[in-house]
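Presented below, as structure tokens, is a lone chain in the form predicted alone.
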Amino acid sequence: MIDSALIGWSRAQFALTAAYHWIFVPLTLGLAVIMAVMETIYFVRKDEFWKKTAQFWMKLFGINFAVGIATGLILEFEFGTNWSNYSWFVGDIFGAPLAIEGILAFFMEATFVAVMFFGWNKVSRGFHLASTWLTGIGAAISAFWILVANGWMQHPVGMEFNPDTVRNEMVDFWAVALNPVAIVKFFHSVLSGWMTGAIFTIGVACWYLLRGRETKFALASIKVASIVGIVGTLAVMFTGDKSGVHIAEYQPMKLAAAEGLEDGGERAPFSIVPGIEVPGMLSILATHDIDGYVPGINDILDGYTDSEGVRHLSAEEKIYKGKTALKAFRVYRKIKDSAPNAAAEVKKVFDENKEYFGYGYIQDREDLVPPVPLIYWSFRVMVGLGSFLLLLMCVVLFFSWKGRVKDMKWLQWVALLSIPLVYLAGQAGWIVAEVGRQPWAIQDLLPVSAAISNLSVGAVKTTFFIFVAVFTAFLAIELSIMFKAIKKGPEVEENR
């Protein structure tokens, strides 16, 4: 029996690392686009003001980019240290996109980021502009391969289990790379970075307006960031709709938890908050049909028949089949060399039940239900804050074009204080995505209880608190350097 404390602390350590890493990633993705747009304006207009404006945001991009790399490397190493069974079981598949990310995207970023920072007046304006855009594209490509790996964990495809090696082996690379869940997750995550970068830029620009400094620079930055942020947020809403359909199809328990839906059915209501529902809206969001069937938590546990007449097994039936597969697998491993004929018969039993292999590690049906209150409220925080921030960017852009935003102190304060909110929205989204998948490390394939390394609880606790100290120090150092850069301000013409 796996120690529940070991599972809890291993999950906590990975969650801590991932949460810190996601502080830096979305700002990198968002600022990459904003600074590239600004340099494009400089390239077209040949106005030194836009060059200096782009250079200022590049400086903040570089500070954030450097710290993000450090947390990302630690995150990848944890798969081998804390989740060695996971790495062994699916390393052939999960490792491929991460290897491509390291070889292609990381080196692409490293190459062009050097030209972007040190190539001013050393390469042509066109080549420098291309380097800036390619830095951002490299960051997006890096995110793509990481999210291919994560999307595969949500919806595993393109592999076949080999009982002789006890590993899942990739049989279709393109099925993994073009997994629809991964593609939607990529656009949803990257475009949410546009929103993060936009809110950050608008907030910092409003700080200058509140101080009565760099007014021209601040207003120009607000206009560019607002447009990028609005486009990104609208696209996030579109991809969020697509993601909802995928979750309903491949991870119905996550959807039920996110809605707090105990008993489903046709014309399922959408819960705005407890006690306030929109009839039929969940069916529309999940199936694009108001009469679409959406199972609730109890339906998934008890078994149900969907609107197409397909019967879905109960939790007990899945667990029974899983334990049957697990028992057959263990017998096969013992006799495959000494009694090949008997082993072939046992393997047939395994093949008939291997779809539910992961359920063999589940001890109780209630273990299949993620923490509903956390998922429910995280989803509402994500959607609620995302909607508020979209409205804020629209208001800021409107009054910027009207030339009034520089006199609206209340709006400047709202924009400045909204910077933490965009990070909260992003973290809430990942809570829905990752905690909502529990108890699975890989959906329906490998539970976290079977994925962890054989470590002592004390060792994991120790490294957890070490990481708390190290990551907090990273964040404090980054904020200190950023605050100094912001306080110094851009070297634009109006400062001279």
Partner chain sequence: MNRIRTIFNFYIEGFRNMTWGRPLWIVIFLKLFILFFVLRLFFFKPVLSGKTESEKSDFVGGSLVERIDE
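Just so it is clear, the model here is predicted, and its values are computed rather than measured. Residue numbers count along the first chain shown, from 1.
What follows is about the form predicted in complex with its partner chain, which we do not show.
- At a distance threshold of 4.5 angstroms between non-hydrogen atoms, residue 71 is in contact with its partner chain in the model of the complex.
- Contact annotation: residue 435 falls outside 4.5 Å of its partner chain in the model of the complex, judged by heavy atom distances.
- Interface residue remark: residue 59 is counted as part of the site for its partner chain in the model of the complex, having a heavy atom within 4.5 Å.
- The shortest heavy atom separation between residue 326 and its partner chain in the model of the complex is within 4.5 Å.
- Checking 166, 342, 103, 272 for any heavy atom within 4.5 Å of its partner chain in the model of the complex turns up a single hit: 166.
- Note on the partner interface in the model of the complex: the residue among 296, 370, 292, 360 having a heavy atom within 4.5 angstroms of its partner chain is 360.
- The partner is not drawn, yet in the model of the complex one stretch among 424 to 432, 28 to 36, 60 to 68, 43 to 51 has residues with heavy atoms inside 4.5 Å of its partner chain: 60 to 68.
- For the three marked residues, 171, 228 and 231, no heavy atom of any sits within 4.5 Å of its partner chain in the model of the complex.
- Along 88 to 119, a non-hydrogen atom within 4.5 Å of its partner chain in the model of the complex is carried by 88, 89, 110, 111, 114, 115, 117, 118, 119, in order along the sequence.
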